[in-house]
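Here's a solo chain for you in structure tokens, the form predicted on its own.
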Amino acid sequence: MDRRQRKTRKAIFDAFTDLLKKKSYARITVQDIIDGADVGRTTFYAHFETKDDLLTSLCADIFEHVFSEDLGKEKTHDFSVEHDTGAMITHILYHLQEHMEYLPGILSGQSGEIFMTSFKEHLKDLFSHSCRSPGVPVPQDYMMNHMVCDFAETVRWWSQNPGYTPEEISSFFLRTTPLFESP
């Protein structure tokens, strides 16, 4: 993608996320996005087939870094020496917090399902390396589904109750989820 295409794509993402801060995904039209990005309809459709495609791409961009295995030092946090489940979960929460202004707009209605489907797939990969399985009297796939859904709904709850820090949310989750190795 050349510089001009990246700039256009960024303008579309920025317009979309600005709209999500003000209204729900279902109430946003492609025309709203086009107007906010100051691009033509043809340009929008050259980058995204539909509004859902735009949302899917936004989620992919968010999750690309959020689920990075490289936990380096960043402006808001440093997990460069910690690589346990608690550190990974807190790292994820810090990056989701960066999107908290518009995350509630995404998590409402149909868009919430698009976000959650992608989010849960990433969580399965993360949790598959962290769940304890020996001695747990339930099937592994049931346990994985439980952990993934529990954390995904924790994030949804947090988006509606944003007064907590990533460390507090991580602690809440880990305290109520005894199937993980201790951080």
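Predicted, not measured: the structure shown is a model, and the values here were computed from it. Residue indices: 1-based, along the sequence shown.
Unshown form predicted together with the DNA; subsequent notes refer to it.
Heavy atoms within 4.5 Å of the DNA in the predicted bound form map, among the stretches 120-128, 59-67, 141-149, 23-31, onto 23-31 alone. Using a 4.5 angstroms heavy atom cutoff to the DNA in the predicted bound form, none of Ser108, Ser111 and Trp157 count as contacting. For Asp38, a non-hydrogen atom is located within 4.5 Å of the DNA in the predicted bound form, even though that partner is not displayed.
Among heavy atoms of Gln5, some come within 4.5 Å of the DNA in the predicted bound form. Contacts between 142-168 and the DNA, taken as any heavy atom within 4.5 Å in the predicted bound form, involve no residue at all.
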